[in-house]
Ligand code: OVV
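Starting off, we have a lone chain in the form predicted alone, written out as structure tokens.
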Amino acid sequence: MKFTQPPEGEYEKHIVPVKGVSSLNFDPYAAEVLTNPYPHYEELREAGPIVWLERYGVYVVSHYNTVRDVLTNPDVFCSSAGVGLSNFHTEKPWRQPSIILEADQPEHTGVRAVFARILSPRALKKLTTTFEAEAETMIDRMLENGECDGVVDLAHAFPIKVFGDAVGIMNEGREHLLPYGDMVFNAFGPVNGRFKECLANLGPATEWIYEACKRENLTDDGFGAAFYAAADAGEITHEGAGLLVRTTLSAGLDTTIFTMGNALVNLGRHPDQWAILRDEPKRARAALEEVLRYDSTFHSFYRTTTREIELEGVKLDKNQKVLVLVASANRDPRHWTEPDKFDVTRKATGNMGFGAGIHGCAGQMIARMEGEIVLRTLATKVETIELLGEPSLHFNNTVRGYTSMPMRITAKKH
């Protein structure tokens, strides 16, 4: 199992924009944009509901309603051409596409049904006690130390432990999950310096993932074994079962890690909001949804037109890539009141943090479950959260989060 670098410059061969559409020389993958993307997203929204990006030869949508329309019309805006910049319909895929994320109906329907059954609310509920106990253990350890790293000691450690166990992957080598996930999400963007550096540093991670997804290397009671049991029953192929294990690891790990880190950063930066959650731990789920809206883990991915289509009055050709800025939709004042305010009392349901429609993040249910448990446990046990300096931002073409977060926490006095 190897990643190979796609040919450079393919995105420069796209059509020119239609007359009357705003055209910008804007790079959503530039470091200065990733550092603080929201002012740039505001400029894009003001330029119109659909804008031409000269640098990459794609259209970009950034308004909430337009983003929702694109994501919830998979027959017109498909995923099988790849959810990154490369177009698998006109170019040879440089990696094996995901059988759930990058598949259209009807193929997608059967595979997604297997996935949804195995990771059903009933199945996840059985893990609640184990997840809660692990969250308590890790947070108690952080409280004993006082000063800790919120990313390393919790945002990374918790999902790698509980989610890795739930899937049933081997303990040894789990550190490879992080560079592998980083590569997956960098690969959705262009062949830029960030992509090349990540590919060069990938090392043995892909081979470890390949081995970890094999049936003989999985425990008998995890999600991975259940995928292979579905293959035994003829619901999917055995090759598909291995690919589903791989998809589960990429869909349900990095999203959770970055979401937890973003939650800790924003609660540390907004002590008034932390106080609300601390005093009412039952608000954990609502607080998590506000984190997903306010500081989205996913920032963008692509869809591709299956035919000529008119979008916001603009005629698009078949096989046209469309960049979908979900993080911009989550800050769109046309939909949200005071969108740039972090408010854990907000009803943030309907946010696009994990996408929308049939291709919404496959691992979002377990990611939400883990995030809610961690926030509720923090609110139950912790009195204060103090950031010790500026957290270190992690740069990735698709997802946004942190690599380090020095902090000090103190225990509640009961």
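The first residue of the shown sequence is 1; numbering continues from there. The structure presented is a predicted model; accordingly, all values stated were derived computationally and were not measured.
Just so you know, the form predicted in complex with 3-methylbenzoic acid exists too; it's not on screen, but the next bit is about it.
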Evaluate residue 187 for contact with 3-methylbenzoic acid in the predicted bound form, applying a 4.5 angstroms cut-off between non-hydrogen atoms, and reply yes or no.
no
Can you tell me if residue 118 lies within 4.5 angstroms of 3-methylbenzoic acid in the predicted bound form, counting non-hydrogen atoms only?
no
Flag residue 250 as yes or no: does it have a non-hydrogen atom within 4.5 angstroms of any non-hydrogen atom of 3-methylbenzoic acid in the predicted bound form?
yes
Hey, in the predicted bound form, does residue 305 get a heavy atom within 4.5 angstroms of 3-methylbenzoic acid?
no
Exactly one of 218, 85, 101, 231 comes within 4.5 Å of 3-methylbenzoic acid in the predicted bound form through a heavy atom, and that residue is 101
Based on heavy atom distances of 4.5 Å or less, which listed stretch (178-186, 161-169, 256-264, 137-145) is in contact with 3-methylbenzoic acid in the predicted bound form?
178-186
